[in-house]
Ligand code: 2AL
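In structure tokens, one chain follows: the form predicted on its own.
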Amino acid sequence: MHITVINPNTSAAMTSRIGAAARAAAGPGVEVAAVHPTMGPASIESHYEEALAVPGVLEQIALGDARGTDGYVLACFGDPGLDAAREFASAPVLGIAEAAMHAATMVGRSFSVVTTLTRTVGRAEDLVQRYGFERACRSILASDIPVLDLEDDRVQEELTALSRHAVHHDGADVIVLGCAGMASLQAAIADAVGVPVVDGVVAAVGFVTALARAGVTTSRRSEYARPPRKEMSGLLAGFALA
């Protein structure tokens, strides 16, 4: 089985960390390719950057389909381009925010999200509502640590403090890590706080592997039918469907 994990930003270092977490979760018999676009933003921390990341995500979907990928994971907590990817991909596509929220409600009645910048909280709130977890989500707490600074020594301490607040003040049973770049901190935060901590990359790899093993892929009945063929122009000319 072949799973492609797409880091929608262009950071090779983050892609490497995400790939390590995905491979550890995948287990035997599953080959994981961790990739990032050849074009797009270095990190995704605004609606503008999210929009500009989507063509690169679709580029990697096309390459993955050519390799015979059995499932895809979008490794950014904003789940950028998820609907477009589901229309386009030949295999199931999961976003890490969607997967993490589902996983959290399987091991607790409530969860809080611990994320990066305050400006991304609104997007996380939108996804909580879209995925139907308004009753389960106790809070979304921002560390104000930029995505590309997540390897800084202060990160674990700050995220642990926010997680403790979510548990003891907000009443969260589970912590959801709100960035793919936080995967390496999952075990340490769980040990420090004493509740389950869910990393979306790990959750999404597990779920998409299960779907692929079961032979379940995206429905083509209505919204996720293949996009209609039409002319594309300018910089997007290469994205026209054959």
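The model shown is predicted, which means the values in this text are computed figures rather than measured ones. The first residue of the sequence shown is number 1, and the count goes up from there.
What comes next is about the form predicted together with this ligand, which is not displayed.
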| property | result |
| --- | --- |
| The unique member of A85, C76, M101, A166 whose heavy atoms fall within 4.5 Å of this ligand in the predicted complex | C76 |
| Selected contact from A172, V147, L159, L94, since only one has a non-hydrogen atom within 4.5 angstroms of this ligand in the predicted complex | V147 |
| Complete contact of I3, A89 and T209 with this ligand in the predicted complex (any heavy atom, 4.5 Å) | no |
| Partner contact for E45 in the predicted complex: this ligand, 4.5 angstroms, heavy atom | yes |
| Proximity of G64 to this ligand in the predicted complex, heavy atoms at 4.5 Å | no |
| Close approach of S110 to this ligand in the predicted complex, 4.5 Å, heavy atom | no |
| Proximity of A180 to this ligand in the predicted complex, heavy atoms at 4.5 Å | yes |
| Stretch in contact in the predicted complex with this ligand, which is absent here, among 65-73, 210-218, 36-44, 23-31 (heavy atoms within 4.5 Å) | 36-44 |
| Stretch 116-130: residues contacting this ligand in the predicted complex, 4.5 Å heavy atom cut-off | T116, T120 |
